[in-house]
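Here we start with a single chain on its own, the form predicted on its own, put down as structure tokens.
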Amino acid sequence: MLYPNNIKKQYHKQINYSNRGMVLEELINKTNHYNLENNLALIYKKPTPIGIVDVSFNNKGKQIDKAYFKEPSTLDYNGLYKGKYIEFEAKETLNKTAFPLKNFHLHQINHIRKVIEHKGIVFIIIKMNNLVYLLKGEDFLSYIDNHERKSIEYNYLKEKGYLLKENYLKGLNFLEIIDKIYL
């Protein structure tokens, strides 16, 4: 756009990533609530471990003013299903062709290995192209161990992943998929 005196101004669209994944997280929380209320599974969102440094008081009560992360968090959700330990991570991407692996930290990948080593159920729920997939932890690690790419190709996700269906009352059907592939 040209302004007086031939001054050019360019506008750069600000991209806000702060709420990316919140829709998926709300859907998973709804699913976990349904499963808990119907005594199907006991799965909770894990809180991020923080240390509180400074607290103030206002008309709503206590407010944390300053805090720090005590340690790296592992995966988003954990719990029990049919007597088995279960843990999973939920991720969302706007990328249409590949899921960037930079969304995972090394300590999370190592944690997935440990859960598998101890015979727990571990998987990734990935929302991509407006579809939600469950990718077994074993297939996730196999991809990382056997490919030099910095992203998981969408075709791999379609081939190895399990398409999750959404139900208005129940949320995502990941327990049905777990029954098929793990139990």
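Note that residue numbering begins at 1 and tracks the sequence as displayed. Everything numeric in this text was worked out from a predicted model, so none of it was measured.
There is another form of the same protein, the form predicted in complex with a further copy of the same chain; it is not shown, and what comes next is about it.
Engineer: In the predicted bound form, does Lys96 come within 4.5 Å of a further copy of the same chain, counting heavy atoms only?
Structural biologist: Taking the distances in the predicted bound form, the answer for Lys96 is no, it never comes within 4.5 Å of a further copy of the same chain.
Engineer: Can you tell me whether Glu26 touches a further copy of the same chain? I mean in the predicted bound form, with a 4.5 angstroms heavy atom cut-off.
Structural biologist: Contact with a further copy of the same chain, no.
Engineer: Taking any heavy atom pair closer than or equal to 4.5 Å as contact, tell me whether Thr74 reaches a further copy of the same chain in the predicted bound form.
Structural biologist: It does: once a further copy of the same chain is placed as it appears in the predicted bound form, Thr74 has a heavy atom within 4.5 Å of it.
Engineer: Would you check, heavy atoms only and a 4.5 Å threshold, whether Asn39 touches a further copy of the same chain in the predicted bound form?
Structural biologist: Within the cut-off, so yes.
Engineer: Among the candidate residues Asn155, Ser142, Thr48, Asn129, which is the single one with a non-hydrogen atom no more than 4.5 Å from a further copy of the same chain in the predicted bound form?
Structural biologist: Flagged contact: Thr48.
Engineer: Relative to a further copy of the same chain in the predicted bound form, which residues of 78-109 have a heavy atom no more than 4.5 Å away?
Structural biologist: Sequence-ordered list: Asn78, Gly79, Leu80, Lys82, Gly83, Tyr85.
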